[in-house]
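Presented below, as structure tokens, is a lone chain in the form predicted alone.
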Amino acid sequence: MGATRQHAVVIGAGVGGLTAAIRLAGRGYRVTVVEQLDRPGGKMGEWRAAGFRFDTGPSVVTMRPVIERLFSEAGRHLEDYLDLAPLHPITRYHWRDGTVLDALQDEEAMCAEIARINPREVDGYRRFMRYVAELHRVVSRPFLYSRQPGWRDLLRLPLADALKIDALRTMHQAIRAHFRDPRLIQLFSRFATYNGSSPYRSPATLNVIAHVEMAQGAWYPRGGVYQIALALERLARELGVEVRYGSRVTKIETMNGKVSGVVLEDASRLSATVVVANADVSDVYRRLLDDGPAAQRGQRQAGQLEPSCSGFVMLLGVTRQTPRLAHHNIFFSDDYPAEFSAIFDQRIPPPNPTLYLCITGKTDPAHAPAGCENWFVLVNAPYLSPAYEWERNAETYAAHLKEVMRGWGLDAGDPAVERIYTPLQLQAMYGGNAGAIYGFSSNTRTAAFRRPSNRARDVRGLYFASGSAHPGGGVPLVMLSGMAASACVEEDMQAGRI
């Protein structure tokens, strides 16, 4: 049976789902995307009120070549769909001692910034950037740009390269080997949060994120990060993908161990040769499959993995402007180990959190009325557990964060608009695993090997494209997850396994 007669159903119009849909449609599959929300993007959303506009999910874009590759393979030019502006600075970092440092892609300019606060650390930065560049060379193919790696893949690597994966040290330990200044150690340890992990637990392999951002740069789609979702939806439709909104899948049907279709909330049914789930793997096994041996094994596997951290978000329409702030800003806590201990050990929101403040109006002035700013404030928060009751404590924690902000001279005053999102609300809106933003954490040395594959082990024709599957969370990695899922479909179809 030719590929043109195969029907692929994609559950979810998030970044991973749309990426998989685009790739499959480009290879001749008939593709239907079913999405429970009334818009594309999943966690990548936006909110508008009283002349203010906010991205409500991801706020930074790295790994531009991944996006370019998707559009190029579809015979399109990325520039016809998105205007990606390089950010300069990438991020402005603030410490309690008054230090302010702009992170810059250009290595010489970054060295000048570092020399301004501690000249003795310039050589360490150069060594660190060589270290992460080599790390990227070694791990990018097996860990990022292909199917999930196994131990056999590591054994095939030259011994020198295998050692460079640096999985026996933590991120923090490896960073301390290059820097002595606690401010720079804290800055580069922060990259663990890009996939919801702790730098004190996750393997040094994750230092590759520093290369991705500092050497390759960070980008902002003019109009907001949500423009990525709209661009993917547009490309998908141009390729013939049918996108159905307000369509919630209640069941993935199987027959003889293979998917046969999906059932929607209105009891209608879509037959399918393959199903790609752009949803949390735990949720798929728990909610969408019959409670048979395959579902039970999937639940057990997911249950052995620690969820990533969640987040607490405040959207504030501020009726003043703050020239000292950049597009992306970080205000570091005084005690980074205590912050991550609160999140992952005590599972409570940190009382002294690091603040992330994004103001897209710095690049897109139309995102706030004249003389105003749109503040997106995020702090890392624990995944949902009995240790903290968000329903009862959300307003109290929001008030506490405003006090923390005032301590930094960030007085939002009486905001023209205000909205908060707690981990409990994120769970209710998007499903997933305990409100985790990035799927599973990378807080163990073996996380990359234990993360769910893009191909379901015990259900033929079922694939995963999300932050909870290989290679992990974050916009570019979820897009790579969609690419990997579609590649698995092609491999299985050609091998006659589905």
Ligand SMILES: Cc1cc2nc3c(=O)[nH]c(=O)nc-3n(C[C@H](O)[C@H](O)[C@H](O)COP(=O)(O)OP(=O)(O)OC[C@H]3O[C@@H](n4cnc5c(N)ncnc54)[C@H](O)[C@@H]3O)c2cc1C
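All residue numbers are counted from 1 along the displayed sequence. Computed from a prediction, not measured in an experiment: that's the story for all the values here.
One more form of this protein exists, namely the form predicted together with the named molecule; it is left out here, but the text below deals with it.
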### Message
For the interface check, one of 452-460, 66-74, 52-60, 23-31 should have non-hydrogen atoms within 4.5 Å of the named molecule in the predicted complex; which one?
### Response
52-60
### Task
Examine L37 and determine whether its closest non-hydrogen atom to the named molecule in the predicted complex is within 4.5 angstroms.
yes
### Query
Taking 4.5 angstroms as the cut-off for heavy atoms, does A484 touch the named molecule in the predicted complex?
no
### Query
If you check in the predicted complex, is G473 within 4.5 Å of the named molecule, heavy atoms only?
yes
### Task
Would you please decide whether L288 lies within 4.5 angstroms of the named molecule in the predicted complex, comparing each non-hydrogen atom pair?
yes
### Query
With the named molecule left out of view, which of T205, N329, T273, S247 would have a heavy atom within 4.5 Å of it in the predicted complex?
S247
### Task
Note which of A342, A210, L378, L82 lies within 4.5 Å of the named molecule in the predicted complex, where distance is taken over heavy atoms; exactly one does.
L378
### Sequence-ordered residues of 273-292 touching the named molecule in the predicted complex, heavy atom within 4.5 Å
N278, A279, L288
